[in-house]
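Just the one chain here, the form predicted on its own, laid out as structure tokens.
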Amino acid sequence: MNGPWACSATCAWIEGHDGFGALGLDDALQEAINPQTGRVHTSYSLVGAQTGRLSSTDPNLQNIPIRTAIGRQIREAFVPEPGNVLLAADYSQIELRLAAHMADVASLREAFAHGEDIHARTAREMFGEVTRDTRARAKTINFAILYGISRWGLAARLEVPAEEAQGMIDTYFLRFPGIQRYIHETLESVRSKGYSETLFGRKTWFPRINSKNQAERQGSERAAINAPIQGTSADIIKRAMVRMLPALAEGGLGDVRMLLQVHDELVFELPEARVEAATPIIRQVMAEAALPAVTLTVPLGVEIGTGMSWDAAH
């Protein structure tokens, strides 16, 4: 155990890969390989992030980009032992699902219940049609609103004038008034109490929420808007992690190893022959992790993939 409230995690073997050099990770990752195990061992802390998410250090395996070519090259270097595969189980759009529940947005809850493309649904609500461009804009807006973005921030992301961005924000709140109400009530509560709470009652404190310094105050307000959602997401995946190994053992799958937690994703290593049996157990544990403490009005979607590398498992 490394430090207070920290634990070690074992990642998959790492093979030498040209992509390391491009991100300056050749030394950082290859020197981190344990000579006795041939693996990288990261350390997790429960107190390293304000939201309650686990933070990874020595080395940090949570900041490897997933959507860039270089990031994918690096993930290709994480491989299982011969005869095994890697399995990645990822919560699908969990923060938007939690927002739909916490803000009681009927249209979003309905969309998730029917397995709709939530960004397409938002595009249709806001722009009247679903195209590649309107869906992309809707996706940006969906996430940006939950982080308390200003019209200038949204304008910069979408590369539009600030007035147009404000019009999009106004339209979003018109179509989804529950989100606006959630933001207002959350900020009023945090200003009064000094803290926000997750659905499980864990508190996040914001001592500068009433600061006379505008930058400090606005920064705290943006963080406070998202804290209950992101914090609840963090609580849920930790509940899933605690339950996972007992559930796998009960299913006769003690040889399935949980290697890594990266934001909303759990990575496992297991014999290829065990994938079919392990997949429904992993999916069920993650999907039901909020129970019995919290009953959500939206399903928690879990996307699962397997492959011979961490990248291939997505």
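Note that the structure is a prediction, hence the values are computed from the model and not measured. Quick note: we count residues from 1 along the sequence shown, nothing fancier.
Below: the form predicted together with the DNA, not depicted.
Taken together, the three residues Arg109, Arg121 and Ala165 lack any non-hydrogen atom within 4.5 angstroms of the DNA in the model of the complex. This chain appears without its partner; in the model of the complex, the one residue of Met126, Met241, Val85, Ala144 with a heavy atom within 4.5 Å of the DNA is Ala144. Out of the listed residues Leu199, Ile183, Ala77, Ile149, Ile149 is the one that sits within 4.5 Å of the DNA in the model of the complex by at least one heavy atom.
The DNA in the model of the complex comes within 4.5 Å of no heavy atom belonging to Gln30. In the model of the complex, the DNA sits beyond 4.5 Å of every heavy atom of Val105.
Although the partner is absent here, Gln50 lies within 4.5 Å of the DNA in the model of the complex, judged by heavy atoms.
For Thr279, no non-hydrogen atom is located within 4.5 Å of the DNA in the model of the complex, even though that partner is not displayed.
Of the candidate stretches 110-118, 170-178, 153-161, 188-196, only 153-161 contains residues with a heavy atom within 4.5 Å of the DNA in the model of the complex. Contact annotation for 42-71: residues with any non-hydrogen atom within 4.5 angstroms of the DNA in the model of the complex are Gly48, Ala49, Gln50, Thr51, Arg53, Ser55, Ser56, Thr57, Asp58, Pro59, Asn60, Gln62, Asn63, Ile64, Pro65, Ile66, Arg67, listed in sequence order.
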